[in-house]
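The chain below stands alone, shown as structure tokens; this is the form predicted alone.
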């Protein structure tokens, strides 16, 4: 299986329509800086129009990552072939440096849940998930990365969620997209240790890291953290990031923001913070 391309070992941003012009304007300043952009392919599965024109222009200047939200790899049914065909058309058009999807269940028959529901951590799910990842890779003709889910309720099964995530990718020959905000949210909401995740996820399988902010909600007196991507990255998640890459080395790192979108420069500051941490780790590994 052809591996994913190479994203810079720097921080990237999720591309938002309100920032299209900012992204183009930043190209000259970012020269040599390794900036890259991630998009949800479902927003670009169209035949033409201004949105694709903007993406064409940005793709000429920056590496791209396509991060899918609709394949339902963790569901009981095979990935939808019409969806795969639209995704492949986009992959062939842009030849992105990375393609990724969620370990999630979002479709049953003709019903689409419009959510990234975590699948049950069972050996049966493991086999199904591994098959769906492999089928997707075969269709696209390239390796993908898969992302660990956020949890809001405990799910019973005969394996752990981290086993499901890591072993399904290994079965299919896929890579991992490691979302550190998700493991923090999981630990808070359902218990468990973020350190267990840091130790169980093989660094050499991780092709990309996601950093995002959460939103706290009160649910009958209990605080629940929602993986909203609607706030700045928390100090606790920054600490997890530094801990992981200190051991693993720098990895392409995405700054996610999907709600309460701030000005472009604010996101660039968070990208700069990630780059500063990676630079420090790289120096320590070189001279340590």
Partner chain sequence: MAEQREYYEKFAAVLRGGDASELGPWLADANHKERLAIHQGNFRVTASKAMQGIYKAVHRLVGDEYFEALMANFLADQPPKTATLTRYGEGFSDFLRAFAPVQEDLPWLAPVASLDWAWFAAYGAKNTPALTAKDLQGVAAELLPAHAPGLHPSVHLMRFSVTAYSIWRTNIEDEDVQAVPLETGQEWAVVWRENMQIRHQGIMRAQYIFLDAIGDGQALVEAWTAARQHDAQFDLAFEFAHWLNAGVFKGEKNG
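The model shown is predicted, which means the values in this text are computed figures rather than measured ones. Positions refer to the first chain, counted from 1.
Absent from the display: the form predicted together with its partner chain. The rest refers to it.
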Please check if residue 81 has a heavy atom lying within 4.5 Å of any heavy atom of its partner chain in the predicted complex. no
Is residue 27 near its partner chain? Define near as a heavy atom within 4.5 Å, in the predicted complex. no
Using heavy atoms and a 4.5 Å limit, would one call residue 247 a contact residue for its partner chain in the predicted complex? no
Just to confirm, residue 118 within 4.5 Å of its partner chain in the predicted complex by heavy atoms? yes
Give a yes or no on whether every one of 48, 86 and 108 sits within 4.5 angstroms of its partner chain in the predicted complex by heavy atom. yes
Answer key: of 155, 140, 166, 206, within 4.5 Å of its partner chain in the predicted complex (heavy atoms) is 155
Taking its partner chain in the predicted complex as the reference, which of 170, 217, 160, 193 has a non-hydrogen atom within 4.5 Å? 217
From the candidate stretches 141 to 149, 69 to 77, 196 to 204, 174 to 182, select the single one in contact with its partner chain in the predicted complex, where contact means a heavy atom within 4.5 Å. 69 to 77
